[in-house]
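Let's start with one chain on its own, the form predicted alone, as structure tokens.
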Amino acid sequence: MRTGISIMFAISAALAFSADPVTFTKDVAPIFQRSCQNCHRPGSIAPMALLNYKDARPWARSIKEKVVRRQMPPWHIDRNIGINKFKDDPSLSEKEIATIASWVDQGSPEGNPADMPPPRQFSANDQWHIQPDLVVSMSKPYKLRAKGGDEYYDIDIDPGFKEDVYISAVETKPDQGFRVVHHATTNLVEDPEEDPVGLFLNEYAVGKNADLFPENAGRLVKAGSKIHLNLHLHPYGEETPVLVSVGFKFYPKGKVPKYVTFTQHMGDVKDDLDLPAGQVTRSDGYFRLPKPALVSAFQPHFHARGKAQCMEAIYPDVNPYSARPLPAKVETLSCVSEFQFGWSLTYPYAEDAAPLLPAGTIIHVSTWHDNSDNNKNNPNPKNWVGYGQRTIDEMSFAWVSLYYLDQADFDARVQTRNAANMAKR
């Protein structure tokens, strides 16, 4: 509610201080080019294009509703809680939201065609959230049957790595069958005989963006490594071809990043996940950091009944053996307060905002599920639901990306961060 109120104040202020009419060509089109057209164009995942006035005008009122509610562009971090500085944040500023709302309220005028910015030019790489140096794809689509239970499909792909390389970003996405891919997990297989499954690399969940690694941090891909893809597919009534690709962005040849970054589950709730019919239910999970760490990204994970998730840090006591120990310090890092099914987004923290956490910090993940008929995505609000792999089951955890630091490095980073924060005051 606070976000919506602040947006409405911004809209009112924009109207009060601007006597000029808001037009599509001069004011709205540049916003659409930056934050909307990558998806809203022919051949991409959005249901309609927003390349020009003719495309956008029929959808004007719907566009206003979606952007004022911050449902579009997809970026559902709560701006009133925790960290709000991220890499590749496509979300709109309150001024941009006010501009779009004013345009609609003024009758959605086109304006002077001469004010229209040059059309944005798209390349094959614009289908990605990153600009991949290499794209590895399945050799042919897997045909998912029209009806039945969930299917799981495994395939190994040889990307042809002739030498060791380090990656700075990775993204997995469906090229075909977007609607039926519940998730696609990619693993690095270095030795097929010793470890045929391999090491976890990246996961696509419905609507997910890319994993962007912090500066001077990355993953080693050894020469000869294969990519193992595990696809979880859910039929939706018609036979569907499914084709999945993985995009890699590399460090320059010879560059060895200092830190090894990785992504893992935190705050898992499995056997205790208990979601009665017709209710909103909270569950809590925990993970203790064994070493000092920099947390680089946060991604909530649940299925169709997911409503919200928050991640907080419970810091270790300064002196737990004191006769009068101080209360544990707790800091909320991030919240997604209104999860939108279909957008399992990763939120990569900006370099100067990524949490620096001491050894012993407990990552506390709180998750809310809505198993009522108020949730339009709920497969069946009359049924109890627990943990499970199927699309109609539920999960409760966060994907957290991080790398560990030695104590001296951590102390130096904290000192630098504190000095920078003091300088801003």
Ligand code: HEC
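Start at 1 and count along the sequence shown; that's the residue number. A quick note: this is a predicted structure, and the numbers were derived from the prediction, not measured.
Below, we turn to the form predicted in complex with heme C (HEC), even though it does not appear here.
When heme C (HEC) is considered in the model of the complex, only one residue from Cys36, Val385, Ala398, Leu357 comes within 4.5 Å through any heavy atom, namely Cys36. Only one of the listed residues (Ile362, Leu51, Ile392, Ile45) places a non-hydrogen atom within 4.5 angstroms of heme C (HEC) in the model of the complex, and that residue is Ile45. Proximity of Phe200, Leu231 and Val244 to heme C (HEC) in the model of the complex is absent: no residue of the three has a non-hydrogen atom within 4.5 angstroms. Only one of 190-198, 257-265, 72-80, 161-169 places residue heavy atoms within 4.5 angstroms of heme C (HEC) in the model of the complex, namely 72-80. Of the heavy atoms in Trp59, some are within 4.5 Å of heme C (HEC) in the model of the complex.
In the model of the complex, none of the heavy atoms of Lys26 sits within 4.5 Å of a heavy atom of heme C (HEC). Tyr142 falls outside the set of residues with a heavy atom inside 4.5 Å of heme C (HEC) in the model of the complex. Taking non-hydrogen atoms only, Phe287 never approaches heme C (HEC) to within 4.5 angstroms in the model of the complex.
Residue Trp343 is the only member of 332-370 with a non-hydrogen atom no more than 4.5 angstroms from heme C (HEC) in the model of the complex.
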